[in-house]
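Next up: just one chain, as structure tokens, the form predicted on its own.
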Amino acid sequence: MQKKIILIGAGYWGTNIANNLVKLGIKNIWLYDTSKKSLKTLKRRFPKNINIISNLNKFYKDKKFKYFIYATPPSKNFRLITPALENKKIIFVEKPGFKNLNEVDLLVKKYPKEIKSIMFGYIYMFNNYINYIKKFINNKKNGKILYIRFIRQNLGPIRNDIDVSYDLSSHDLSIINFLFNNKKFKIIKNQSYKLLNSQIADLSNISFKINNTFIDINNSWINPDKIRSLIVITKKKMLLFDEMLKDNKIKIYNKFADYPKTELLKNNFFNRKIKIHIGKNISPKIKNNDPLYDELKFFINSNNKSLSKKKYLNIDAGRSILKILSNLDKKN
């Protein structure tokens, strides 16, 4: 039986989702958006796959329609998703899902069973390079993890309902949760700048600590270049992930710095000068994949039970990231 998908949101990301659903062979996509222009544009692009709808209410109540995808602003999702939960739909919502933690807590309280059918669109959980980095971090041969830095910058899109941290840092927070198995971390410092709008931050710098590992996240949506990089510094190696490169996105540098042990120094030599170790560098071969395609494939083949078990994408994961973002607001 061909699945029927309700897609809500025909903007930039909704267009990407529609394109991948068509690639996945979905022939029945019902599309809703308040913008008639956006609806017509997508309909022209996929005339055989997309059906435009003007009212969502009857689809919420129709049992033939089970899968609902929300590519909509977080400020609108509480109102849009509530009737989907009431009617026991399987829900995919783009990160961070909701505007604040209170909205999620209200839904968890009112729909404790139904809320388990929500999957948050944290696309990096399906990225082959991030999965490789997790293996790199877990490999004890690479030494203790000392420092991680995320840089995520570009020029637009600029949101008008959430800060840059909710939009961009939420990606990096999902990666941190994945790399460190949802370990709790301490916020050391949060600094943001409101340049274009007195109510919304356009740049943010966040510092964390997990055990003895320091982590920095630097985000901006008013930067002239598009930068997507992740650096991991261990006791024995350094890893650079540059997402903007076409090939060899990950480089591992067999370089590290160390101080000699005092007991190994001769009596007449007390200069504890740091030593730099340089070995052979490598670029591991990692298969390129389309994370959005793989993410949507997982969703449309899921049911309530399989979604609740996906610990980096389920309601608990989505709530934990919103909780961190809420704490950033308090820390700022």
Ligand SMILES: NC(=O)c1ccc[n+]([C@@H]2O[C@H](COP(=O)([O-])OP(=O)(O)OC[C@H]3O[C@@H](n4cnc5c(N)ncnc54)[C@H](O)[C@@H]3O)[C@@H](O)[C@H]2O)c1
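Computed from a predicted structure; not experimentally measured. The first residue of the shown sequence is 1; numbering continues from there.
Just so you know, the form predicted in complex with the named molecule exists too; it's not on screen, but the next bit is about it.
- Taken together, the three residues 72, 123 and 159 all come within 4.5 Å of the named molecule in the predicted bound form, as judged by their closest heavy atom.
- Taking 95, 237, 89, 99 one by one, only a single residue has any non-hydrogen atom within 4.5 Å of the named molecule in the predicted bound form, and it is 95.
- Scanning 288, 303, 35, 55 against the named molecule in the predicted bound form with a 4.5 Å heavy atom cut-off leaves one residue, 35.
- Of the candidate stretches 101-109, 178-186, 193-201, 159-167, only 159-167 has residues whose heavy atoms lie within 4.5 Å of the named molecule in the predicted bound form.
- Not displayed here, the named molecule is approached by residue 9 to within 4.5 Å at the level of heavy atoms in the predicted bound form.
- Though the partner is left out of this view, residue 134 does not reach within 4.5 Å of the named molecule in the predicted bound form, counting heavy atoms only.
- Contact check for residue 249: no non-hydrogen atom falls within 4.5 Å of the named molecule in the predicted bound form.
- With a 4.5 Å cutoff on heavy atoms, residue 141 does not count as touching the named molecule in the predicted bound form; it lies far away.
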